[in-house]
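One chain comes next, on its own, written as structure tokens: the form predicted alone.
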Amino acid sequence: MAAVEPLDIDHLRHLSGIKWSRYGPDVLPAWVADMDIAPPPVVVEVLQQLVSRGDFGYNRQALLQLPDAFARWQSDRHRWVIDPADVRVFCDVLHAIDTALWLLTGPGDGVVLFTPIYPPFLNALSTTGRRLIDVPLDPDGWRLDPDRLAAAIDDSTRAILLCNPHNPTGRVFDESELAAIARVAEEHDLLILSDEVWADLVHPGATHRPMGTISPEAAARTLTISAASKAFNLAGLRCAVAHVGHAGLAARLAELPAHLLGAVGTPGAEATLAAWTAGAPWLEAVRGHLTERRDQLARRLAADLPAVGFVPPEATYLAWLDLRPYGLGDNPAEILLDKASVALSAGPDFGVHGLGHARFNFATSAIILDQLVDRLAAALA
């Protein structure tokens, strides 16, 4: 297994993506969830071949293979056996989530979120008039409290929107926690939306369990959404898939006009297919690199910023930092952008439980990671 070499800083600063272009040349970015690593060579080769052929006409070959490729990937990596006929392709993960909420819930209906949570989940509720049912995770280890979940449900709750592995904390929910979610959903006839886009970036010692494996009853009320975007660094190519276990949702999707939800372009489908059929060796190298950077960050924080609250993530390349001991107010990321020239994700964007926190993206090189912590330590000294 070849080692992964992150891109050097000169190369990164010439990219047009928002991570390295949003802020000025003096800022080191550690915010949006992109990796400072080139995509898999097998993906780059497929896209280069597409360009060299000028193959830009109507093309569904890769698209039609994605359900089978996703089913094989889930079976091989997560022991989840699914029927490819139940897999539908979407333009991205949020596309699938918004569609399901729109079809099976209404304005004023309650949707459970486990907070702090990925900001677009909050936006999905506010922009559609759905009501947040806030179920905070326990901050000492980011575990789900089943009793808190059960007590939060009311008569107008219609869905549970789950991010597993969890963003921003990096928690991988265990079987008992997922079973508690399934039990509440069954008792109250709730739709489960399980965003599992981080499933392939789990660190040693943790195991991802797809929601669909918890029980046949849970599988029958769950929409599981995934993509190659995070694990293979392909977010800009806009391609996701969803396993539609919920029969009612499948029926509503079938009623929609054929072109209402748009379609994935050929580059996104080709890249995703290449990742899931030939990208596993590259992914294993990336996972090793990310675990090394996670552990490097833990060492540096313990040595140079011991007051920072930090639970090493079980998955993802995101660290959720409690910066309240430093008295930086509700939004430390704003202060640190000015004082340290480091761009972090703003904690308040993740909900009220993000006040005083910031999210740190450690998917970079060892050199850049040290530079990031050096700047934070100097600013917080």
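A residue's number is simply how far along the shown sequence it sits, counting from 1. Just so it is clear, the model here is predicted, and its values are computed rather than measured.
The protein also exists as the form predicted together with a small molecule; that form is not presented, and the subsequent description refers to it.
Within 4.5 Å of the small molecule in the predicted bound form, a heavy atom is found for not a single one of 169, 200 and 314. Residue contact with the small molecule in the predicted bound form: residue 105 places no heavy atom within 4.5 Å of it.
The shortest heavy atom separation between residue 229 and the small molecule in the predicted bound form is within 4.5 Å. Although the partner is absent here, residue 118 sits close enough that one of its heavy atoms falls within 4.5 Å of the small molecule in the predicted bound form. When contacts are judged by a 4.5 Å heavy atom cut-off, residue 163 counts as touching the small molecule in the predicted bound form. Stretch 189 to 197 is the contacting one of 189 to 197, 152 to 160, 273 to 281, 130 to 138, since its residues have non-hydrogen atoms within 4.5 Å of the small molecule in the predicted bound form.
Contact annotation: of the candidates 71, 113, 93, 125, the single residue with a non-hydrogen atom within 4.5 angstroms of the small molecule in the predicted bound form is 93. Just one of 321, 37, 33, 342 comes within 4.5 Å of the small molecule in the predicted bound form, counting any heavy atom, and that one is 33.
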